[in-house]
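First comes one chain, alone, set out as structure tokens in the form predicted alone.
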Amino acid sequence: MRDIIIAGNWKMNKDLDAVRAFCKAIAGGLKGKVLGRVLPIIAPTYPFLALMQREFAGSPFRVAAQDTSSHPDGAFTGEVSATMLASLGLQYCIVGHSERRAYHHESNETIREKVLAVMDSGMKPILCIGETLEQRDGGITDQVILEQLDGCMRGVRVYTGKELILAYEPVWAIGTGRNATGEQAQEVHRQIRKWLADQYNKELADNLSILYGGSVKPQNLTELLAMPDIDGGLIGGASLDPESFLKMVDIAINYK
């Protein structure tokens, strides 16, 4: 049975005091909860990764990085390698977020290299894919998703489905307050799982968690979790508030 993952991507938000306050609130809010197969994850900015790792050591809460370099080491000022992140004890790293594609011009090939770097380090990539509004309105969503999967996963060895996580994030629904309906999201998730079954096998496809991202919040999480191929959310703004994040964890605990 797949995990239900409530993953928060903080992007470039929160200073040290705000991070400490969040950790305190989450630690208190999770105390005594039986999470079952619910996995809470937060991806803060680089400076606070070690702090959050220490704060949640020994708990079921996990900390992820927002990105990594495709290079193992060398003269790449400002970049952070997957091996450096893994040395902190991190288990997860987001790769291929639409903002990296748009603002840093990351190609599918670059993202593929990052996926491989993360997996080589022993961490699990949270690989993001998704179409723009123009592409959805043009009726080419399936084509875009399949091209991204083919490009980002080419030659990536996956055996059980537990080696990585996929996140479908329609670009038109990120930070806009506009989100796909459960049915719209499910349609793409179903296509992704079919691709996994075709490229690998059905057992692997059934084991691999696929998250939805795009203005996920407590108000629409239940609808999304009701879909058979949606296994949680990669959440932006709503994950910044500890009360909102804990509410989404509670929804996941009580849902399935």
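Owing to the predicted nature of the structure, the values given are computational and were not obtained by experimental measurement. Residue positions are given as counts along the sequence shown, with the first one as 1.
Just so it is clear, the following notes concern the form predicted in complex with a small molecule, a form of the same protein that is not shown.
- When the small molecule is considered in the predicted bound form, only one residue from D142, E99, E79, E113 comes within 4.5 Å through any heavy atom, namely E99.
- The contact residue chosen from C152, I174, A117, L164 relative to the small molecule in the predicted bound form is I174, the criterion being a non-hydrogen atom within 4.5 angstroms.
- Just one listed stretch, out of 211-219, 59-67, 194-202, 36-44, contacts the small molecule in the predicted bound form at the 4.5 Å heavy atom level, and that stretch is 211-219.
- Interface membership of G237, defined by any non-hydrogen atom within 4.5 Å of the small molecule in the predicted bound form, is confirmed.
- The small molecule is not shown here, and in the predicted bound form it never comes within 4.5 Å of any heavy atom of E131.
- E106 falls outside the set of residues with a heavy atom inside 4.5 Å of the small molecule in the predicted bound form.
- Put simply, K11 is close to the small molecule in the predicted bound form: some heavy atom of it is within 4.5 Å.
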